[in-house]
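In structure tokens, one chain follows: the form predicted on its own.
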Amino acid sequence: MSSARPEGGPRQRLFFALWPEAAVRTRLDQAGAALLGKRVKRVPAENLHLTLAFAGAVTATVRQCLQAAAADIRCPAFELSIGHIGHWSRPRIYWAGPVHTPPPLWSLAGMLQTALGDCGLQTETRPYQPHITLARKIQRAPDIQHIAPIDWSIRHFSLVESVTGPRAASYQLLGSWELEG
């Protein structure tokens, strides 16, 4: 029996994300706790993020392509106000997102989707929905649609590896790129 892996060796599960600084992450975690209490298992505070583009399981060659593409992205820094709350019943996800999505966020997500395609990956066909997952496996969420705004200055984006462990996923930042301005 061979231990060789097909198509280029080991793979990493990668995605591009906006990674909040500690103060924003704490406020998001507190909002989730206030809304959901202890009746559900929330996403750990250290894992809270806003996904921009999901690459999936990729080889080292594709990772290098993604990093090179990220370095070429030019997008202005922007302000994001998280204040909308939602629940998707099919994946059973409770999330927070922007009340209004600023144009630079749409642009950044679009450029990263293009980068995925340029690196040979299949791109997402569903419309982009910026959100931060607060809890998973939620059967029924509270009927609250808004929270006090959590302001977040977006100055960089990151490439992140997701490692699935026995209890939950952990995330490792592999690189970050500054936005302009």
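Computed from a predicted structure; not experimentally measured. Numbers follow the displayed sequence, beginning with 1.
Only in words, not in the display: the form predicted together with a small molecule, which the text now covers.
- Message: Please determine whether residue 46 contacts the small molecule in the predicted bound form, using a 4.5 Å cut-off between heavy atoms.
- Response: Contact check for residue 46: no, nothing within 4.5 Å of the small molecule in the predicted bound form.
- Message: Although the partner isn't part of this model, could you tell me whether residue 136 comes within 4.5 Å of the small molecule in the predicted bound form, counting any heavy atom of the residue?
- Response: Judged by the heavy-atom cut-off of 4.5 Å, residue 136 is in contact with the small molecule in the predicted bound form.
- Query: Do residue 131 and the small molecule share at least one heavy atom pair within 4.5 Å in the predicted bound form?
  - Reply: Residue 131 belongs to the contact set for the small molecule.
- Does the small molecule get within 4.5 angstroms of any non-hydrogen atom of residue 73 in the predicted bound form? No.
- Using a 4.5 Å heavy atom cut-off, which stretch among 24-32, 48-56, 140-148, 61-69 contacts the small molecule in the predicted bound form? Comparing against the small molecule in the predicted bound form, the contact stretch is 48-56.
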